[in-house]
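We begin with a single chain expressed as structure tokens, specifically the form predicted alone.
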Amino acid sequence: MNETENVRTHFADRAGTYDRSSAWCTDDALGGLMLSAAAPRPDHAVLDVACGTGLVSRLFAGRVRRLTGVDITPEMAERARDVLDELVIAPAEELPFADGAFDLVVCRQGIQFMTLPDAVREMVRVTRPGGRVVLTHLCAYGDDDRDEYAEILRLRNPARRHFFRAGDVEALLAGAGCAPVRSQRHVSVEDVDVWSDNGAIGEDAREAIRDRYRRASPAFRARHAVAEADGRITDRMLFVVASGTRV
């Protein structure tokens, strides 16, 4: 099974439970930061890349002229159809749209599964000059927690291809031809037991995640403010909301 099929299979398994698989999925504050970064207008055409079940698309519904979603997993994307004007099943690395077709392109938690920097360059290509691309992604705080975090994230999602530190997402936009690039940060407090129960991994992987948190280095525990009470572990997870204007 190739990398794309790994991603499709993973998210087909998660389609029914995805919306409640993490606190950040429906976090109003995180959604508000995305809207602020995108600054949608009623005359805008918006593309939601890796639209999944439509959680991000729903933020823009009723605020813009046209809303298009693209994803590679039909089982997920069909759940977004009711909120979209158009749904396309296609990879982000080969977006089937003309240059400059959209005023805004948004993607939350999708680039970790894509060929980079190709996918981000495609997002910029289909954005009109002066339009905006907004990437929102979970990141390690820095070098001192990245490797441990990558191990935990890989256990939760074996289909993941990339792991980011704060600053990496901004660099992708800049490298794809966006300027200026700005970013904001958001911390989501996640119950690790809930977060790991995503419907696509077994109990052995979930226990390995718990064990990794319990054995985490002092630096990791401090960065993530890891806490355990009554057998429940919490992690303060960092999201970066990065936005760039196509030159």
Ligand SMILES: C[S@@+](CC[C@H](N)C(=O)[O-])C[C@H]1O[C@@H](n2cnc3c(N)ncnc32)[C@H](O)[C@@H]1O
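What you see is a predicted model; the values in this text were computed from it and never measured. All residue numbers refer to positions in the sequence shown, first residue = 1.
Keep in mind that the form predicted together with this ligand is not shown, yet the notes after this line are about it.
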| Of Leu104, Ala140, Ala92, Val83, which residue is found within 4.5 angstroms of this ligand in the predicted bound form when only non-hydrogen atoms are counted? | Ala92
| query | Out of Met114, Val169, Ile152, Leu87, which one falls within 4.5 Å of this ligand in the predicted bound form, going by heavy atoms? | reply | Met114
| query | Taking 4.5 angstroms as the cut-off for heavy atoms, does Leu47 touch this ligand in the predicted bound form? | reply | no
| request: May I ask you to state whether Pro40 is within 4.5 Å of this ligand in the predicted bound form, using heavy atom distances? | output: no
| Val56: touches this ligand in the predicted bound form, heavy atom cutoff 4.5 angstroms | yes
| Can you check whether Val240 is within 4.5 Å of this ligand in the predicted bound form, heavy atom basis? | no
| said: For a quick test of understanding: in the predicted bound form, does each of Trp195, Ala200 and Tyr213 have a heavy atom within 4.5 Å of this ligand? | reply: no
| query | Going by heavy atoms within 4.5 Å, which of 178-186, 215-223, 65-73, 201-209 lines up against this ligand in the predicted bound form? | reply | 65-73
| request: Scan 129-166 and note down the residues that get a heavy atom within 4.5 Å of this ligand in the predicted bound form; none is a fine answer too. | output: none
